[in-house]
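The data below hold one chain only, encoded as structure tokens and taken in the form predicted alone.
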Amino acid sequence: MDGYTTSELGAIFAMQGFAGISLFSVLLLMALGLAIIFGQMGVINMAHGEFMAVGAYTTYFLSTFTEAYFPSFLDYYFVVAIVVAFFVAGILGYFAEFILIRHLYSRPLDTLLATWGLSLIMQQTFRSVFGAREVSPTLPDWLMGSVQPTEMIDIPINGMFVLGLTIVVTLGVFYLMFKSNWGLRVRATTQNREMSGAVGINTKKVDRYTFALGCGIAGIAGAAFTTIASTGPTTGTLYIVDTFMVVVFGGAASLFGTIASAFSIAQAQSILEFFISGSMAKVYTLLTLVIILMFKPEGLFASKVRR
């Protein structure tokens, strides 16, 4: 690389690598929810990005409300907003499953069309309520600024916070899916619905709460997203393709595959953006994934999905 010293190149790659980690955090939070819905339930949820936007708009609303009526709590509202975003997106997901999704489990392509229509309805609702312009919440002071491990490296504090939040949520999902009784019911329903119902598992209830959980995690992703970018009515659509790419490449219903896939894709895009444009970096990354999936169609970690 002409024009750069070795130390400058090292600093640039470190900065790009951390930018990739920030993207990895958002992608992983999105993909965790989608992996639960798509991997465990076989539902192609094209509205998943809009549930992320629900979390982002919830955070913005709480920011505006706190700033107007309780300005002294502005330094504390964001943590509350993360929890509220999870429940708001989860409750909306619960009702979406009850009203729409539960009728389409045996017709996966119909779930694609139905959830795509749901995403359009949600986008128009965002425009009607919040307007067409992008909005950003007022972040607490403790999320601003950066850490300088060296003179040439700046690590944003908000990126570190999002990474820490992602680790906590990932560990929580792992415990819930593999160490709890509810996770056992979900995995049993995934492997054999008829047998699970025969032994007393309420499979319809499992479906409803599983879908709600996936949407709730997308809401957390939306709250985290507000720390690194603004939110608009079509924000969710910008991430849905990447999120499906993460889930498919990692292997449906595989938590470890989702983590490895999100990290690989985020780092590849971030590093390539230093050499070429952002759009071409995404094209080359997608092309590489397509070639890999041609030889390994089950993804990085094969896992069983509902038939």
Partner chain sequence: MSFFYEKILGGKNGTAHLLILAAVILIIFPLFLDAFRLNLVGKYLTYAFAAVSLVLLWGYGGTLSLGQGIFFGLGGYGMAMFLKLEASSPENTTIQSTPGIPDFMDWNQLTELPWFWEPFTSFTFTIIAILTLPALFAYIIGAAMFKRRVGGVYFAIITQVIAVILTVLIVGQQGLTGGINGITDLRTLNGWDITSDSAKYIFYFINAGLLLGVIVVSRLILNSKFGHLLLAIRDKEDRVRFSGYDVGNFKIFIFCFAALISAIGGAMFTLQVGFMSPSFVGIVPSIEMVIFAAVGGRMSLIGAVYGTLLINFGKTTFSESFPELWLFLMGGLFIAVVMFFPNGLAGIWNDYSHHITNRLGFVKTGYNKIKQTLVPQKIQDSSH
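All values reported here derive from a predicted model rather than from experimental measurement. Positions refer to the first chain, counted from 1.
One more form of this protein should be noted, the form predicted together with the partner chain, which is absent from this view; the next part is about it.
K.L.:
Considering the partner chain in the model of the complex, which of 147, 176, 80, 99 comes within 4.5 Å of it through any heavy atom?
P.N.:
Checking each option against the partner chain in the model of the complex, the one that comes within 4.5 Å is 99.
K.L.:
Which residue, 271, 245, 62, 260, is the contact with the partner chain in the model of the complex, using a 4.5 Å heavy atom cutoff?
P.N.:
Looking at the other structure, the residue within range turns out to be 245.
K.L.:
Only one of these stretches, 118-126, 164-172, 184-192, 135-143, has heavy atoms within 4.5 Å of the partner chain in the model of the complex; which one is it?
P.N.:
Result for this chain: 118-126.
K.L.:
Each of 110, 113 and 297 within 4.5 Å of the partner chain in the model of the complex, by any heavy atom, yes or no?
P.N.:
Yes: each residue has a heavy atom within 4.5 Å of the partner.
K.L.:
If we define contact as a non-hydrogen atom of the residue within 4.5 angstroms of the partner, is residue 103 a contact of the partner chain in the model of the complex?
P.N.:
Residue 103: yes, in contact with the partner chain in the model of the complex.
K.L.:
State yes or no: in the model of the complex, is some non-hydrogen atom of residue 21 no more than 4.5 angstroms from a non-hydrogen atom of the partner chain?
P.N.:
Outside the cut-off, so no.
K.L.:
Answer yes if any heavy atom of residue 255 is within 4.5 Å of a heavy atom of the partner chain in the model of the complex; otherwise answer no.
P.N.:
Answer no; every heavy atom of residue 255 is more than 4.5 Å from the partner chain in the model of the complex.
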